[in-house]
Every structure is written in C-alpha cells, then in structure tokens.
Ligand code: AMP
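Coming up is one lone chain in structure tokens, specifically the form predicted on its own.
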C-alpha cells in the first residue's frame, strides 16, 4: 500500500493540524499514513477521523526521542494509544522534553538571547521543541533565518546545545512492543555516527527487538537507500519510507510500505 509513515502535526513541531496533514498526504497520493508526532499521541484521534473521512488508512504512530550517546529516534506503529503503561511512558518523555527546553532557554539567556515563555503561547497544548525555539530566535531578531538559528545555537557542538533527555532506544522499543506496536529506527541516515558505528548500533537495536528501519527518507540518495536495504535484509528487518513532514517545504513521500505495518 502506497503511503508516508512519518508525518508531524502542530501537536509536536509541525505546522499543520492533523486533519490538514492527512489531507495533504491524500493529495500527494497516499493510501496509508501515520501521524508520528514527537513523544505525544494527542493528535491521533483527529488524524484517524480525517483519514476515515477521506477513505484512507491512518496507522496510530509516535516518534520517541531516545538517546544512546547520540540522538536515536524510534518510530512506533500500531500502538494502543489508550494503554495506561504507554501513556505513563509518554508522560515521562514529555517531562524530559520540558526539562530540556528549560535548560536550552537558560543557556540561551546566558548568551544574551532572552526568550519569554509567551513566545510559545499556542491555542493547542504542545511541548516546546528546538524548532519552536529556533523560530522564536528569528522572530525576536537574534538571527535572520531558521537554519542559522538551529545550526548556531541548537545543534550538537553549539555552546547552548542540550542533549535529548529521552529514554534509551532499547526502552523505547520495549514500550512500543508492550503497547502492541512495531518499532522502526527513524532516519538512520541522520545518525551522528560513522558507517561502522551506525551499523553496530542498528545490529544492537535489532537484538533488542527492532522491527524495521526507515531506509527511504526525504531526498535520500540511491546509495544510502541501497545500503540500508541491504543491512535490513541481512538482519531480517523491513524497510519503511517517510518524509518526516513538518510543513517546512519538504514533500510528502508516497511509496510502497511494508505489509507488516500496513496490516496492523
């Protein structure tokens, strides 16, 4: 089934409502979607209703922020969003995100970048992300564009960077499975590791129960897709495709998705 399994709404760091995201996915040719907001399931009901109205399938999803030396994001598909255990896990993840955001704002203030909390006022309840902070840096005139703000102040190696305060990826996989879902490594091409260390990490996560990897990602090169597909085959993992759509100019991907996920 053709679709995009990595979409974000304004419940995390996307621009559009869940309904609008699903509408855009349908316009791009998707027959199956997955809203995968960061560390929240708040937009899933709306996404499901929108998908039903448009006659497509939306898989309940989430993107878990994890850390193992580097940031490692784990996508969960087919999760039971009503699971008390999973909601407790998500609550802890949100607390970690809030702590990180507070530390980022404090560090930025030490460098002369003062951002009042009113800059993040929003009609819907969402957590402050690096993307929101970068946008505020630009709005307040400290930098001229979003990408400069991210690179200069919020990326690893910058003076004000604060690492993700999420669970270990093995724990994320365990919690996704406990909620009845499948666990997929998001955008492995973005892991801040050399090729050897990246392969070693994927093999380690496979031993911990990883189900698949996101081989097709945004504008992935043919070489990177081929390499991840080969690694997935050798480890018995399936591969998925996702645009990591936020509404920031990247296009939604309409690609064939694995039956393991489209049948959940």
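Residue numbers count along the first chain shown, from 1. Here the structure is a predicted model, which is why all the values come from computation and not from measurement.
A second form of this protein, the form predicted together with the named molecule, is not displayed here; the remarks below concern that form.
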Checklist entry - Based on heavy atom distances of at most 4.5 Å to the named molecule in the model of the complex, which listed stretch, 128-136, 111-119, 174-182, 83-91, is the contact stretch? => result 128-136
Checklist entry - Do heavy atoms from each of 20, 24 and 77 fall within 4.5 Å of the named molecule in the model of the complex? => result no
Next on the checklist: Would you classify residue 150 as touching the named molecule in the model of the complex, given a 4.5 Å non-hydrogen atom cut-off?
Outcome noted: yes
Checklist entry - Should residue 107 be classed as touching the named molecule in the model of the complex when contacts are defined as heavy atoms within 4.5 Å? => result no
Checklist entry - residue 246: heavy atom within 4.5 Å of the named molecule in the model of the complex? => result yes
Next on the checklist: Since only the chain is shown here, I'm wondering whether residue 142 would be in contact with the named molecule in the model of the complex (any heavy atom pair within 4.5 Å).
Outcome noted: no
Next on the checklist: Pick out the residues of 4-35 whose heavy atoms come within 4.5 Å of the named molecule in the model of the complex.
Outcome noted: 13
